[in-house]
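Have a look below at one chain only, the form predicted alone, in structure tokens format.
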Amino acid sequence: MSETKSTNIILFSGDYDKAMAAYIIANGAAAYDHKVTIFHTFWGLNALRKDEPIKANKTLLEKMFGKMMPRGAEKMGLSNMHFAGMGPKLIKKVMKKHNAMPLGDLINMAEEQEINLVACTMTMDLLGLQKAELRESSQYAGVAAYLGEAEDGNVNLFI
């Protein structure tokens, strides 16, 4: 009997291309029967944000953070060659030409493969994000829960 392998990814970056890499690796690991967890913290939480605005009772500072951060995976910028917003449009055009899946579809695939999409509760508090603003598939935990998962992990990545 073989032991279940696990892959744990901390998604810290809010860059479209880095989030894509995290989700490509996660979906690949799940296809190889790994138990996969993506722990979204700081700017990586933007991958879990819903596209539409959600009414929420927030302080002025929390509202400011909400307006400065991209709402949803497809609005995230690139880590390089952003070109004042043109970079993401150009890379998405190239991806479409080569039949590469956009980030939103990779996240949907992760949900279908039952990958654990975990939002860091401490960071949510710091940035003023509320559960209603994140995808329904999101789970919520702190760093201790991530460390518990990662401790016995076969693959642990920080992106």
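On a predicted model such as this, the values are computed, not experimentally measured, just so you know. Residue numbers run from 1 along the displayed sequence.
There is another form of the same protein, the form predicted in complex with a further copy of the same chain; it is not shown, and what comes next is about it.
If we define contact as a non-hydrogen atom of the residue within 4.5 angstroms of the partner, is K18 a contact of a further copy of the same chain in the model of the complex? Looking in the model of the complex, residue contacts with a further copy of the same chain include K18, since a heavy atom lies within 4.5 Å.
Heavy atoms within 4.5 Å of a further copy of the same chain in the model of the complex: does K35 have any? It does not: once a further copy of the same chain is placed as it appears in the model of the complex, K35 has no heavy atom within 4.5 Å of it.
With the partner left out here, check for me: in the model of the complex, does some heavy atom of A100 sit within 4.5 Å of a further copy of the same chain? Answer yes; at least one heavy atom of A100 falls within 4.5 Å of a further copy of the same chain in the model of the complex.
So, in the model of the complex, is M109 in contact with a further copy of the same chain at a 4.5 angstroms heavy atom limit? The answer is no: M109 has no heavy atom within 4.5 Å of a further copy of the same chain.
Heavy atoms within 4.5 Å of a further copy of the same chain in the model of the complex is the criterion; list the residues of 61 to 77 that meet it. Sequence-ordered list: L61, E62, M64, F65, M68, M69.
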